[in-house]
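Take a look at this single chain, the form predicted alone, given in structure tokens.
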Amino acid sequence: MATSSKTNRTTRKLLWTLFWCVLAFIYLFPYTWMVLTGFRHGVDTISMPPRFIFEPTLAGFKHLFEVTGFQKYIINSAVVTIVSVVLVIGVSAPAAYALAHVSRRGGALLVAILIARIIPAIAIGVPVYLIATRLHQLDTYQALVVINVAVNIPFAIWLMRSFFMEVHPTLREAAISDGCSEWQVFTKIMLPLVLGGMLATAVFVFIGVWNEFLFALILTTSVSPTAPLAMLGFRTQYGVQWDAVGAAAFLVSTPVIVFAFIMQRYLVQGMTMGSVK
């Protein structure tokens, strides 16, 4: 009986291991294939059957930097993303704190914020373009930053409000009783306690802004296109430049992966706030 039970546990463990290996393969194969595409010739990418053994080349990266000037688009994405993340967190943190601990009548505002978040981006594409045209802000960093901040603030407020609500209100009340101002309570007590949640929110906002495509397509032409938009240029009348597409996709995805890896401790900490009382 004991031997049979041990065999069942071993079999169950092997099956679970096999399941997770298959699941990992499903998730990782597209990214692996993208990386391989960046380091091989286009003919190797489209060959049938697929070639997993090939002669590595940096022709795709050489085309990016020497022909298309892709570094310019990477810099555009970095500028827009960094400024947008700083502004989103700077605006959302005080708003989330106020909705969680100060305001007792924020229900209508929260509903309005939620509605603003669920409106499809394409629905406001034309109005955004017309406004940017009237203000002479087409093809500028300012236009991209403003729209990315406006789109991501509702999400950031909702997420950070949940983190602030995990802090017991008696801490604020005690600080107010000791003579602290509301700003001092926010900066010296609340922010250190929800730092993990705030950084987790910054990671999600960073990913959203860095990968944003639609508004970059609507609002930019030649001066401030971002890296995801620039990848459209590798599809020409002569076909798709697969080596350049793979190299560009690798360069665009790498900063997100690196940033998320660096911030993973804070990301896990933020996502588990409140799970253990």
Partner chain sequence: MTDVTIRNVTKRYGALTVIPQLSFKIEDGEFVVLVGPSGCGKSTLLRMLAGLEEISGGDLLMGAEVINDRPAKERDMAIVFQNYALYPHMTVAENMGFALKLRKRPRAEIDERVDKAAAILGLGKLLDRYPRALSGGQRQRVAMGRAIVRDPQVFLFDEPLSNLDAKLRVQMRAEIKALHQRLKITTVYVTHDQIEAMTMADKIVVMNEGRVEQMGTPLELYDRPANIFVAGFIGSPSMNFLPATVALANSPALKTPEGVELPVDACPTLTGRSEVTYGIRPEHLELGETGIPAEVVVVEPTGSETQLYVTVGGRDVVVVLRNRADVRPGEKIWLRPRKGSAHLFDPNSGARITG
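In this text, all values refer to a predicted model and were calculated from it rather than measured experimentally. Numbering follows the first chain given and starts at 1.
Below, we refer to the form predicted together with the partner chain, which is not included among the displayed structures.
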Stretch in contact in the model of the complex with the partner chain, which is absent here, among 164-172, 136-144, 120-128, 82-90 (heavy atoms within 4.5 Å): 164-172
Residue 195 within 4.5 Å of the partner chain in the model of the complex, heavy atoms: no
Contact label in the model of the complex: residue 176 to the partner chain, heavy atom within 4.5 Å: yes
Heavy atom of residue 72 within 4.5 Å of the partner chain in the model of the complex: no
Partner proximity in the model of the complex: residue 150 to the partner chain, non-hydrogen atom cutoff 4.5 Å: no
In the model of the complex, the one of 112, 102, 180, 78 near the partner chain [non-hydrogen atom within 4.5 angstroms]: 180
189, 98, 207, 199 - the one with a heavy atom within 4.5 Å of the partner chain in the model of the complex: 189
Contact set, 137-156 vs the partner chain in the model of the complex - heavy atom within 4.5 angstroms: none
